[in-house]
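Form predicted on its own, single chain, as structure tokens, below.
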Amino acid sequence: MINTKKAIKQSMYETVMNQFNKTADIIDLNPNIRKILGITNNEIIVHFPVKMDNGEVEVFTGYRVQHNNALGPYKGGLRYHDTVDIDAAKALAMWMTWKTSLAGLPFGGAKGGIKLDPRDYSDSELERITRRFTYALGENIGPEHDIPAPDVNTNPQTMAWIVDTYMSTISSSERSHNQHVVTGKPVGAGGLEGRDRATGFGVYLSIKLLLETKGEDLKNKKFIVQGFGNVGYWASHFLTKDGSKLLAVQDAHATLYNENGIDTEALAQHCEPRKGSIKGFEGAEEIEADDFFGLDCDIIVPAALGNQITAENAFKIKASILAEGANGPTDKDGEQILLDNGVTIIPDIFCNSGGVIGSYFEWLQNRNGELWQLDEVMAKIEKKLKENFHKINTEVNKRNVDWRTAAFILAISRVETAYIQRGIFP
């Protein structure tokens, strides 16, 4: 079905609320619990000054939204991007609640970040911005309260600055058992081996498992990736290692295509000194950005920002599988077009959950004073992802619904059960 109707762009918050309300209707969610889950618990906005390298002071705005903690401490990433605002943080925090619930983890959902473009700042400025933001958040984060992690444009170094700053604000007697205030840290600073690749590995594994239900495998499958940061790279790494071919990559600066396949590792090396930009890579030709989603391929992995697939481009998609490496990359209208056209969407709350599963094991490792090796970690993550995949697949077949609907039913039902069993204070 072709749909070329011009649509009004939907915000991520409208998208997540549509998903929530649709699911609440399907499962006849308890109306009182529906009121609770339809809002956020806390919305924190901080404004803080930072001295720049030139001696001037710049004031930044940071956000932390805590959606729900019925299942455990708030958990969710921090992103540095000029699209960060309160509505985006609310949407992402709600998705995190469903993601941690679906994964069967003892966490709730949160999200936040700073409104800035990190490419405009030096590393020393980013360190001061991060440390000042951490100080401004104060007791709003903590290892048993709210545990940040890396997200768009943040990384293990960012987490190391946060944990060091946080440790400096608490008493010396508490420092030895508060390392798990953040996850996604460098391995040498209490991080987990394999956490760097966990999200991308989850994207890869979800595609592999879906194909197995159809009696297929990844050999000679053609895929394209939007966004070549941590998630896009690692998903591409595992997919190509398993016999698939990377045809095209898109980021904010360029769209690259090579019908014979793009060398994932060579592209990663090209990006390293350029703060992630794929532009100028010699192993592929540059094509028009608008042609990206219409390329002839089997699998699309959107691994950049939200609301990338809409009514304006969804009808172009020829792939049979859309694996959501990003959070909220598909809006309501775009999704309906894809479903009508027979595209299987592996929803973000499962597809990219390898990251938060890895974060859980890092949190647990720090909390228990243990140390796990890479092969142990990857086996734990794979086992958890496979269990969750089969739960969703069973729900899809039982209810005859799409994958997102099945995932949301499982996620929201688990939180509902917690409220029913515990009751509501007072």
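Quick caveat, the model's predicted, so the values are computed rather than measured. Heads up: residue numbers just count along the shown sequence, starting at 1.
The same protein has a further form, the form predicted together with ligand NAD, not shown here; the description that follows concerns it.
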Are all three of D151, G227 and V231 close to ligand NAD in the predicted complex, meaning a heavy atom of each within 4.5 Å? yes
Can you say which of 126 to 134, 249 to 257, 280 to 288, 214 to 222 gets within 4.5 Å of ligand NAD in the predicted complex, counting heavy atoms only? 249 to 257
Against ligand NAD in the predicted complex, would R79 count as a contact residue? Criterion: heavy atoms within 4.5 Å. yes
Just checking whether L209 would be counted as a contact of ligand NAD in the predicted complex - the rule being heavy atoms within 4.5 angstroms. no
Please tell me whether any heavy atom belonging to K111 falls inside 4.5 Å of a heavy atom of ligand NAD, as the geometry stands in the predicted complex. yes
Is there a non-hydrogen atom of R195 within 4.5 angstroms of a non-hydrogen atom of ligand NAD in the predicted complex? yes
With ligand NAD left out of view, choose which of A326, A103, I337, I262 has a non-hydrogen atom within 4.5 angstroms of it in the predicted complex. A326
Answer with one of A268, L305, L116, A311: the residue that has a non-hydrogen atom within 4.5 Å of ligand NAD in the predicted complex. L305
